[in-house]
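Okay, so here's just one chain, in structure tokens, the form predicted alone.
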């Protein structure tokens, strides 16, 4: 025995996936405020103890579920131009309209729980920024972003619009908004 194995039973990937899917389903049906570890466990066919052993809180379960979804649903396109790559990324991102209550709930939790806030920022928010940063870096290498344009400001513009519309729900956050924002950012990048 090498001593590398943690005590207890090893994690089951099938159980992990069932728990993450159940978290998303519960959120969609009940909203973040009504979400409970008990509800997630019942829907997943897993024990509450399993969830608490793997995640410190319901917010952490949801965060992992959202990370999995973002990785599988929102590609980092490489079409050869900033306009096409940015439009693809933003249309895919804004297409996830059903995730609004989930994201708003996670942001609210981050405002209330400083420990979770660090996890949410570092793992989810910065992860999505890194994905878009890849698109912008490729565009800069192709000469599509002017030397005096700060790519971090372009990131802030994109995610500022996204979060403002998510949180206030005052204007559409749909595929057309994604295309319009992509056009504006491409113009600003020149």
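For the two forms, the rigid core is made up of the largest set of C-alpha atoms that agree within 1.5 Å on superposition. Numbering follows the first chain given and starts at 1. Everything quoted here is computed from the prediction, not taken from an experiment.
If you look for the form predicted in complex with another copy of the chain, you will not find it shown, but the lines that follow are about it.
Discussion item. Within 4.5 angstroms, counting heavy atoms, which one of the listed stretches 154 to 162, 42 to 50, 61 to 69, 135 to 143 is next to another copy of the chain in the predicted bound form?
Written reply: Correct option: 154 to 162.
Discussion item. Counting heavy atoms only and using a 4.5 Å cut-off, do 107, 177 and 181 all touch another copy of the chain in the predicted bound form?
Written reply: Yes: 107, 177 and 181 each sit within 4.5 Å of another copy of the chain in the predicted bound form.
Fill in: Exercise: residue 150 in contact with another copy of the chain in the predicted bound form, heavy atom 4.5 Å
Yes, contact at 4.5 Å.
Item to complete: May I ask you to state whether residue 167 is within 4.5 Å of another copy of the chain in the predicted bound form, using heavy atom distances?
Response: Because a heavy atom of residue 167 falls inside 4.5 Å of another copy of the chain in the predicted bound form, the answer is yes.
Discussion item. Is residue 123 part of the interface with another copy of the chain in the predicted bound form - any heavy atom within 4.5 Å?
Written reply: Result no; residue 123 lies far from another copy of the chain in the predicted bound form.
Worksheet entry | Contact of residue 55 with another copy of the chain in the predicted bound form (heavy atom, 4.5 Å) | No, no contact at 4.5 Å.
Discussion item. Tell me whether residue 48 is among the residues that move between the shown form and the other one (Cα shift of 2 angstroms or more, core superposed).
Written reply: Indeed, residue 48 is displaced by 2 Å or more.
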